[in-house]
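Read the single chain below, which is given as structure tokens and is the form predicted on its own.
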Amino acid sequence: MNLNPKQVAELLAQKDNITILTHFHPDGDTLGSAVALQRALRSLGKKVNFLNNDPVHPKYAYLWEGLQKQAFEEQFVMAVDIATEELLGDDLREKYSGNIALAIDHHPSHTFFAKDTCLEEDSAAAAEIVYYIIKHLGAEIDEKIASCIYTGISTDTGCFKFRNTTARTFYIAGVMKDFGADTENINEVMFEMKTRGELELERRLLEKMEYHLEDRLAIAVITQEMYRQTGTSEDECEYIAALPRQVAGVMAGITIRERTNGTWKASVRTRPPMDASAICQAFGGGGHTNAAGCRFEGTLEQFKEKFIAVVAEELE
């Protein structure tokens, strides 16, 4: 059943001992949405934890500052910003597949894996939906919740640069500013600060970037060896996904990351009329029109060959 934010609030008001799931390789939207809900529901006297499959970049630590994990017998499981159970990551998928009661999402590629779903494809971020759910819950939005929601919105819109940004996006961000969101520091940490290791990784990636299909496709690869050489890790480098698309003339950019378990994660960014979600669906993934992702096993060269063929078909 597809619920609206008011119906979600009514459902959550009846629940307790809640676990909120985030997607693997967590970003600002899945984390900001989860923690905003956690804080709001706890303020109403409920017991709530959030879980993620992968390590979280330390830059997000301000989101759950002051929160401690609560001990309780889990009664209700929900997911935020997750289009498919594949995006839970291996451990969470194994534990929770088929047992998720509610999914809150904004991806057009959503697969309706939960018992109930709140899907709003026009929302720039899941955090926009979460804002209205919290309003309907009647929970007070303090500066910490406001910072969580602002983080989700700002990161999923590239600090309001991406095409998914709407008038409502700006409105909610402004409301969060009024509620005390630390927008200045969030913007600096999320969009301006890089470590020396991150800059070195970026340099190596750009040096080896490949161009195909008359320079309309750019492919960048990050290996585990590159992480070791630069002292970085996968959870530090989400922003790098946008680099291949920044080259003039490139219609589709892909950043392929080697994961510690030997599999590969691909982040696809496109310019209109290219559809990143359609490209990634060919590999079992999905996402938005201009930003999507997928995972794959096998050799890097096999994947690149298939990816080039899929993009070539989309370009026709």
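In this text, all values refer to a predicted model and were calculated from it rather than measured experimentally. Note that residue numbering follows the sequence shown and begins at 1.
Although it is not shown, the form predicted in complex with a further copy of the same chain is what the next lines describe.
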{"item": "In the model of the complex, the residue from 173, 219, 77, 141 that sits within 4.5 Å of a further copy of the same chain by heavy atoms", "value": "173"}
{"item": "Position in contact with a further copy of the same chain when the complex is considered in the model of the complex, options 135, 110, 93, 163, heavy atoms within 4.5 Å", "value": "163"}
{"item": "Proximity of residue 213 to a further copy of the same chain in the model of the complex, heavy atoms at 4.5 Å", "value": "no"}
{"item": "is_contact(residue 117, a further copy of the same chain) in the model of the complex, heavy atom dist at most 4.5 Å", "value": "no"}
{"item": "Distance check, residue 131 to a further copy of the same chain in the model of the complex, heavy atom within 4.5 Å", "value": "no"}
{"item": "Any non-hydrogen atom of residue 224 within 4.5 angstroms of a further copy of the same chain in the model of the complex", "value": "no"}
{"item": "Candidate stretches 194 to 202, 117 to 125, 77 to 85, 98 to 106 - the one whose heavy atoms come within 4.5 Å of a further copy of the same chain in the model of the complex", "value": "194 to 202"}
{"item": "Within 4.5 Å of a further copy of the same chain in the model of the complex: residues from 1 to 38 (heavy atom criterion)", "value": "none"}
